[in-house]
Each structure stands twice: as structure tokens, then as C-alpha cells.
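This document starts with one chain, in the form predicted on its own, laid out as C-alpha cells.
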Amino acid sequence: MNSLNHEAPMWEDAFGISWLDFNLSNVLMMFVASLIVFILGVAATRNMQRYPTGFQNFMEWLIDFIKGIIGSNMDWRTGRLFLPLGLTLFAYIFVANMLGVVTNGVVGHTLWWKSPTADPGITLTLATLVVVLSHYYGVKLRGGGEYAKGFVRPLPFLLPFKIIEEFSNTLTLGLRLYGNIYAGEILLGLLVGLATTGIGGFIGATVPMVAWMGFSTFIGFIQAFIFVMLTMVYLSHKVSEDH
């Protein structure tokens, strides 16, 4: 149950496995976010033109934006490998952030519709994926031996600290995204609650709610940008020879 006293729709002991539980709201919202990103991607590329207009023009701007993030962290010869990853992460996280800004869907006392990134399990999973990928590409592009030496450079006694850093990177990357999106949804929920108390509450809550929705949209964009930026920073540290 969250801080607004809404229950999560849980599937406990899934498939008869005692330790396996699913939050069905998270499953639903991850599917919705993925579907929206897929539809947007197909819509932007189904009728490609030499001189882009409309949505294709926006998509090409977004690709250039992600290229800029990658280029600020590593040379393009290496970084072009991560363009699909950066583009997918940015689009998915931004759409996921926006789902709870549009509305929260409550059936009875069960919360079904929200931002999936307002759940720490999802954001920490995304962060873990990024860190694991950074190790994978570090080994793939530099070789296992050379990559392992990076943990004892410039001094061997730094090894424990570098291992701790990997865990701290995972926690900060995931919890930063979760904290910002969850806090935004809590405030929106409080304003919606105020708006339902009567005419005076509705009038008093309307302007702050619209303003906060606009600010939450900005925060959703910034958090998607920060997540992708830090992803490329972590990748560059693992794949570049000078780190």
C-alpha cells in the first residue's frame, strides 16, 4: 500500500512459486509504455522522406539529441554502438514518466494506472541493466584481461572502492529517477484529493495542479536526459582506453 492508501494489485505466489510475486499494475504500465514507444517508432519511420516533415522531423531531432549526449562522453566510432540503447532508454523513460502525470487510475482502492518509474523495483532494474551492460561492453571491446586491470589502476588498494562504486552507481541511478517521479505523483495525488472536496477545493487546486503537471513534464524530460547521460558516462568509463 502506498502513502495515499491505495493498494497495489498483487499476484502472489505466481505460478505456484512461493517467493514469486508480481505487481500487476507495474506489469500493465510497463506494457503500456513499451506499446506507446513502439507505436511512436513505427509512426515516425513508416513513411520516410528525403526531406523530413512533421513527426519524422521530430524523430530525427531526437536522434541528433541522443548523438550529442553520446558524443559528449566518447568518440563517435565507439559511441555509435550505443545509439539504439540511448534512444530506447530516453523514449521509454520519458513516456513512462508521463503516464502518471496524465492521470492516476484507481479502481476501488486499487491503484492500476501510474508511472511505472514511480516504483523503485523498476528503476533499480533499469539501473542494474545499465551497469551490467557497461561491464559486458567493457569486456567485449577491451578484452577481459585489459578490462580487469582497470579495477586495480592506478593503485591496487583502490579495488574495494571501485567495487563499492559499482553498487553506488546502481543505487543512485535508479533511486534518483524513482524519487523524482514518485514525489511528483504524490503531490499531484494530494492536489486531486483537494479538488474533490468541493467547489472551493476545486478552484483552489486547479491552478496549482495545472502548474505542477507542466513542471512534472519538465522533470520527466530532465530525468530521462540525466538517466541516459549517466548511462553513457558509465559506458564510456568501461569502453574507453583513457578511463
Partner chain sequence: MQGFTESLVLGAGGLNIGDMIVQLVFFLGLLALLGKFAWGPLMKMMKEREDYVANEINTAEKSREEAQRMQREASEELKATRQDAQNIIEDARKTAGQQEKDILESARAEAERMKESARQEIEQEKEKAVQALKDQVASMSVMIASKVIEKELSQKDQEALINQYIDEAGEER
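Residue numbers count along the first chain shown, from 1. Because the structure is a prediction, the values reported are computed rather than measured.
What follows is about the form predicted in complex with the partner chain, which we do not show.
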Residue 67: touches the partner chain in the predicted bound form, heavy atom cutoff 4.5 angstroms: yes
Contact label in the predicted bound form: residue 34 to the partner chain, heavy atom within 4.5 Å: yes
Partner proximity in the predicted bound form: residue 199 to the partner chain, non-hydrogen atom cutoff 4.5 Å: no
Residue 22 within 4.5 Å of the partner chain in the predicted bound form, heavy atoms: yes
All of 60, 182 and 186 within 4.5 Å of the partner chain in the predicted bound form, heavy atom check: yes
Residue among 141, 87, 131, 74 with a heavy atom within 4.5 Å of the partner chain in the predicted bound form: 87
Contact residue in the predicted bound form, chosen from 83, 159, 102, 148 - any heavy atom within 4.5 Å of the partner chain: 83
Partner contacts for 116 to 143, taking the partner chain in the predicted bound form and a 4.5 Å heavy atom cut-off: 119, 120, 121, 122, 124, 125, 126, 129
